[in-house]
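Below you will find one chain, with nothing else, as structure tokens; this is the form predicted alone, and questions on how it binds or moves follow later.
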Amino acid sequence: MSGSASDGAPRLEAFVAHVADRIDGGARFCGLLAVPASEGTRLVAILAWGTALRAESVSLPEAGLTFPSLTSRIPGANWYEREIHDLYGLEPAGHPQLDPLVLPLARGADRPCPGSGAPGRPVELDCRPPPSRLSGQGVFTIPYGPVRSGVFESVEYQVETPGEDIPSVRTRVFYKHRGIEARFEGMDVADGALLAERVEGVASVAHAVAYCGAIEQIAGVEVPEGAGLVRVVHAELERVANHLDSTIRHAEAAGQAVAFARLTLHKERLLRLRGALCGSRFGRGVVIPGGVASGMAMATRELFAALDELQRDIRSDLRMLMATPSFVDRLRGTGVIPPALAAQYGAVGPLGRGSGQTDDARLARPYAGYLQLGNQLVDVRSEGDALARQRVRIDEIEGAFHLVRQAADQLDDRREAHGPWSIPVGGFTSGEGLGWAEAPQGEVFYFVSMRGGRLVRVKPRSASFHNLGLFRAAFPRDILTDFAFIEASFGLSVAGVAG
């Protein structure tokens, strides 16, 4: 669906109804973004529909600064509309609470408007705490962060509580905002890949795959099968590292010192293995537009031996940890996201699969080498608590090791074991594309618009951004000492949220 500037408010309302009807018909809401155009601004809704992500768009009138809010019909649109308001000044009429999210600008300050081509200017921030939502005797506010103990990203949780219960949590992520979307403007496709790897460091490979997928869609090319399999190897090792990190944070919060130490050691061993495979502990520099930079710098037999030893040790320690009542009891019934609510928000990744959602981009919308690996089981739980999310991650660790072996084995049997590793993606100058990947946290997608061989509008959407809108819903039955477990179970990356 598309609209024009002359359509006005009725066309905008029809757009909202159309997107909502699509979701009622089985599509999943993935995101909402703004794209500056020669006349006005386009609103683009991204939906998971069939075997691909699809864009539905409408144009706002040139002077239009408002549009009908989607949030009343699509709760998952809440944060997207707040972000659009922060970055573009467009107001979603009827939004329930339009608090600043990624950029709390002072009244009257210029908006950055990524994709508009406007030169970057310093912005004036208004960092005053928002007004309290709760009142009454004994109610007080705990500003938790942005600086706190441990090596965590800069994020502030404003917890309003009468004592131990947590009836209200407000998340303020703007301390981490880096202006990533504006930094993409004017880059060539190769430099864009380098930046995409750094949007969310814990998911560097997934972001690179999604960005390059969008570029490859615009160019109309398919990567060599061998390159796709190499992408799988690095993406699945990234998944294991992230799932271990979430478990490590759970173990630390529960005071499980031995499990914390041993799992931290295993994560370090895994990062060193990744470094031996490609020269980067985070898999950076592997994925490039059109394929990969090279094959694996390790013989398959050597890789399998390292994987066998690492998987055995991880499996043994996780089995002992999950048999520890004092650990499991802290997760059971904690931070419950009911399946109906998860479906309403379109929750993704372990958060969604811990609440009954089956969507996994590797299977539902296969990309890269996953097309060659056949169907895999999707591990789903229905309890919706931190324990369910932990069990999903443990199952996915096992699945990731299996996929790495499958991909490496197929690669070894193919003539592509020695290349070619990429194909040129030059020769195109303009177009729009969507690329996606299943990051450890869930689905990440990239909307890319090019003109004259340069990037004009690049919108990365991390799973962390999509899922964090559910964070406050996890607390009504929990208390302050549960906070660390709920946060760890979400597996969030604040850099991926703040942009």
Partner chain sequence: MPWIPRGLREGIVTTRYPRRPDGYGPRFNAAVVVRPGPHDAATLAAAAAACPTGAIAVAGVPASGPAEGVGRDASAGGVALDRGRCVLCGRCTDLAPGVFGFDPSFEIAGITRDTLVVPRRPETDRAIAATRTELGRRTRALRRSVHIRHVDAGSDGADEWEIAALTNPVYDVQRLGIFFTASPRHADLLLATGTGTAAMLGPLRETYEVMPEPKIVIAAGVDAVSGGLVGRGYATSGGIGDAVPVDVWVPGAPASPFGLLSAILLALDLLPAAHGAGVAPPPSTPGRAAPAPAPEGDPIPGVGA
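Keep in mind it's a predicted model, so treat the numbers as computed, not measured. Positions refer to the first chain, counted from 1.
The same protein also exists as the form predicted in complex with its partner chain; that form is not shown, yet it is the one meant from here on.
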Checklist entry - Given that the partner is absent here, does S316 sit within 4.5 Å of its partner chain in the model of the complex, heavy atoms only? => result yes
Item to check | Touches its partner chain in the model of the complex: E200 (any heavy atom, 4.5 Å) | outcome: yes
Checklist entry - Looking in the model of the complex, any heavy atom of H177 within 4.5 Å of its partner chain? => result yes
Checklist entry - Would Q137 sit within 4.5 Å of its partner chain in the model of the complex, counting heavy atoms only? => result no
Checklist outcome for this item: Counting only non-hydrogen atoms, the one stretch of 388 to 396, 212 to 220, 290 to 298, 162 to 170 within 4.5 angstroms of its partner chain in the model of the complex is 290 to 298
Item to check | Heavy atom within 4.5 Å of its partner chain in the model of the complex - residue from T324, Q410, Q158, Q344 | outcome: T324
Item to check | Answer option from A364, L195, A109, I142, heavy atom within 4.5 Å of its partner chain in the model of the complex | outcome: L195
Item to check | Residues in 238 to 261 with any heavy atom within 4.5 Å of its partner chain in the model of the complex | outcome: A241, N242, D245, Q256, V258, A259, A261
